[in-house]
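Let's start with one chain on its own, the form predicted on its own, as structure tokens.
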């Protein structure tokens, strides 16, 4: 579904991504793990059009080149980005945040379908239905993360990009968020997850990549990476 080849991205003289290549098959959850500053967020921002690569290709469904497209055009192509730090619209209600997430598709699908999509999000995240008329800024961190994911789903993405969904959350809330990601995976939603908590990401993913200093260093089936001595030593608390 999403194929990245030889991607290079720089911030001035700093090379943030150096020849990154990876593949996200249709219906699979693929994770990218690595330490802070390894290039994880840069990768997602490049896919969604927020950063312009100096070299490389990002292809959607084997035929649509995303490099060079504006962010809103990437979204219309079917790629939804759930950003680091959630970034909900704090003064808008939960429902209004979801409606804003449907902006790129509403003209095509209509309001009746949008209402169905909202109800679908409420089915996945029942707590959001309880808070549907509450301002997003008054939600807990976990609820805001659920809202950010739900808002991204409102665009009916072919690929969902998730940037550090565990950030700033208590362990019990992280459990809840990753439980919901597993449910989305069961629904066949294609996802690319970047995450610093390696054991959480590998526990839910089908396939994983380890990125360091802007380069993919290790890749493989998530279950095998969990037992890889190099990954265990660096990211899972010991060999």
Partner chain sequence: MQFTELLQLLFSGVALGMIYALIAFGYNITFSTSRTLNFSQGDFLMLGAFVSYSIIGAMVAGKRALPGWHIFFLCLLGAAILGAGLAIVLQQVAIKPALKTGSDVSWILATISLGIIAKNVAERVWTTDDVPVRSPLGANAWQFFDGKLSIDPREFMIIVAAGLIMFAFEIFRRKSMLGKAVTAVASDKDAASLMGINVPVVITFSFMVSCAIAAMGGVLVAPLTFASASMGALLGVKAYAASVIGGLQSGLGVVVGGLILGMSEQLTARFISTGYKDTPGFILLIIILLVKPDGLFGKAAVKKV
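This structure is a prediction, so every number in the text was calculated from the model and none was measured. Positions refer to the first chain, counted from 1.
Absent from the display: the form predicted in complex with its partner chain. The rest refers to it.
Visitor: Would you kindly say which of 158, 127, 116, 87 lies with a heavy atom within 4.5 Å of its partner chain in the predicted bound form?
Guide: Of the listed residues, the single hit is 87.
Visitor: Should residue 110 be classed as touching its partner chain in the predicted bound form when contacts are defined as heavy atoms within 4.5 Å?
Guide: No - in the predicted bound form, heavy atoms of residue 110 and its partner chain never come within 4.5 Å of each other.
Visitor: Does its partner chain come within 4.5 Å of any heavy atom of residue 101 in the predicted bound form?
Guide: Contact check for residue 101: yes, within 4.5 Å of its partner chain in the predicted bound form.
Visitor: Within a 4.5 Å heavy atom cut-off, is residue 72 in contact with its partner chain in the predicted bound form?
Guide: Looking in the predicted bound form, residue contacts with its partner chain include residue 72, since a heavy atom lies within 4.5 Å.
Visitor: Considering non-hydrogen atoms and a 4.5 Å limit, does its partner chain approach residue 166 in the predicted bound form?
Guide: Because no heavy atom of residue 166 falls inside 4.5 Å of its partner chain in the predicted bound form, the answer is no.
Visitor: Each of 45, 50 and 96 within 4.5 Å of its partner chain in the predicted bound form, by any heavy atom, yes or no?
Guide: Answer is yes for this spot.
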